[in-house]
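Here's a solo chain for you in C-alpha cells, the form predicted alone.
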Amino acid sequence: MKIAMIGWEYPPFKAGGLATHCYGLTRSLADKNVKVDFYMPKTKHSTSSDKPNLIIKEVGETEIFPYDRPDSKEIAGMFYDAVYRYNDLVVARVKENVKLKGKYDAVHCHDWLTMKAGIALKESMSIPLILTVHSTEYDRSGWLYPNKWFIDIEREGMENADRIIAVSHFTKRVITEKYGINPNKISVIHNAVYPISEGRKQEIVLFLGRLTIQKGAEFFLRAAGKVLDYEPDARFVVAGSGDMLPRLINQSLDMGISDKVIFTGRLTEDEVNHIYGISSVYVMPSVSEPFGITALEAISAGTPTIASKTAGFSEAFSNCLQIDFWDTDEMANKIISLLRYDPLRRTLAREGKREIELFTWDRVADKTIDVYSGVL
C-alpha cells in the first residue's frame, strides 16, 4: 500500500498537535509496511526520516503560518493566494513523483490547508481521498465569529472525501451538525502519545498550548488568582506563544498575581518535556478542543490533569478530573485538591500512567490501515 499524505507541519517544526500526530502516525504506518510519502511546506527546519518506508517531501515555500487568521495580520491580502499556491505546488509535486515512481493507492490529507490539493489529486488521478479532521474553524475561533472562507474550504474537503477520520466523537458531531456530512463516512480514531519521563515534582501548575481564544488561558489565570488565596506558594506557568500573550500578561498584572505567573514563550521540545515532568498539576481549560494531545503528554510524565469537558480527550480518558472551562471556581477547587492531597495526586498519577499505555501510535496506525482498506 502506497499513500501520498499531505500535511503542514512535522517535527522539528511543531506549531500544534498536528505535528505530533503526523510524526507518530507516519512512523507507525511505515513500520507496518505502508509506504508513505509525506508532503509538507519547506521551513527553516530541516526534516528527514530514518524509516525506509517513509519519505518526507518538502514543497516550495509558503508565506503563511498554519494558525494565522487572514483578518489579524498584514498578510490579509496575500493569505488566500498563499494557501492556493501551496496546494498547487503540492499537486504538481505529487504528479511529478507519480511519473517517476508510480501511482499512489490513496491520498490522505490533514485539515483545511491541504484540502484543495487532496480534491485535485483525487479527481486527476482517480484515487480515494481520506481526510483527517484535527480541528475545525469553529474550534479555532472559539465558536466566536468563525470565518466563512475556512468553513467553505472545510465543507468542500469533507464532501469530497471518500472517508473522514475524526480525532474524537466531539469532532464527529461538529462535522455532522455544522457541515452536514453523513456520519456513516466518519471514523473516530483517538490520538496517542510517546511517553515522557517524570521529573522531580515542584509546586507548579502548568498551562501549555497556543495562546489563542480556543485554548482558554484567560480562564486558567482567573482560577490561578483564586488558588493563590489558599496556596500562596504555588507557581503558575503559562507555556506557549500566540496573539493573546500581551492580553494575558496584562490580565495577570490587573489581578495582582504577576509575581506568581511565569510566561515562558515558545519552548523547545526538551524544555516542554522538562516542564511536564516537574509540574504537579496540568490544566487544559480549552473552550473547544477536538482532542488535546498535551493532556496525554502531561499524564505520561506523571502529572495529574484537569481537562475541559469540551475536549475530545475527556471522552476517551478516565483517570483525570474534568471541569467546564468557564467554571473557574471549580477549576480552582480541583487545583487546590491536587496540590494539598497527596493520595489523590498519587492515585491519579499512577492510574493515569496505566491507562496511557492504551494510547499507542501502533493502535492509531492499525485503525488508519483499516480505513485505507475500507476505501480501497
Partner chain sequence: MASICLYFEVHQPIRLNRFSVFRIGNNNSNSSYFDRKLNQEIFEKVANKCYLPTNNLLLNLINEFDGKFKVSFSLTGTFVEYCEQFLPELLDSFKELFKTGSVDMIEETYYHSLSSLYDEMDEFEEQVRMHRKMIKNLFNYKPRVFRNTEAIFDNRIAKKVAEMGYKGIITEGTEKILHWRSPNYLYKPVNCDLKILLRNYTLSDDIGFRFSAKLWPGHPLTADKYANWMANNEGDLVNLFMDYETFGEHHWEDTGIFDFLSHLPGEVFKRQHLDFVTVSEATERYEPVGEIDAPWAISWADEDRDVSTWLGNDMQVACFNELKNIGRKVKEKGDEDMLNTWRRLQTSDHLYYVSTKGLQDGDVHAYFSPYDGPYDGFINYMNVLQDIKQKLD
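If you're wondering where the values come from, they're calculated on a predicted model, not measured in any experiment. Residue numbers count along the first chain shown, from 1.
Omitted here: the form predicted in complex with the partner chain. The next part is about that form.
- Proximity to the partner chain in the predicted complex, defined as a heavy atom within 4.5 Å, holds among Lys51, Lys32, Lys42, Arg350 only for Arg350.
- Shown without its partner, this chain lists Ser28, Asn333, Thr310, Thr47 as candidates; in the predicted complex, only Asn333 has a non-hydrogen atom within 4.5 angstroms of the partner chain.
- Looking at 154-162, 97-105, 223-231, 293-301, the stretch with residues near the partner chain in the predicted complex, meaning non-hydrogen atoms within 4.5 angstroms, turns out to be 223-231.
- In the predicted complex, at least one heavy atom of Leu321 sits within 4.5 Å of the partner chain.
- Contact annotation: Tyr341 falls within 4.5 Å of the partner chain in the predicted complex, judged by heavy atom distances.
- Contact check for Glu315: no non-hydrogen atom falls within 4.5 Å of the partner chain in the predicted complex.
- Within 4.5 Å of the partner chain in the predicted complex, a heavy atom is found for none of Asp259, Thr264 and His274.
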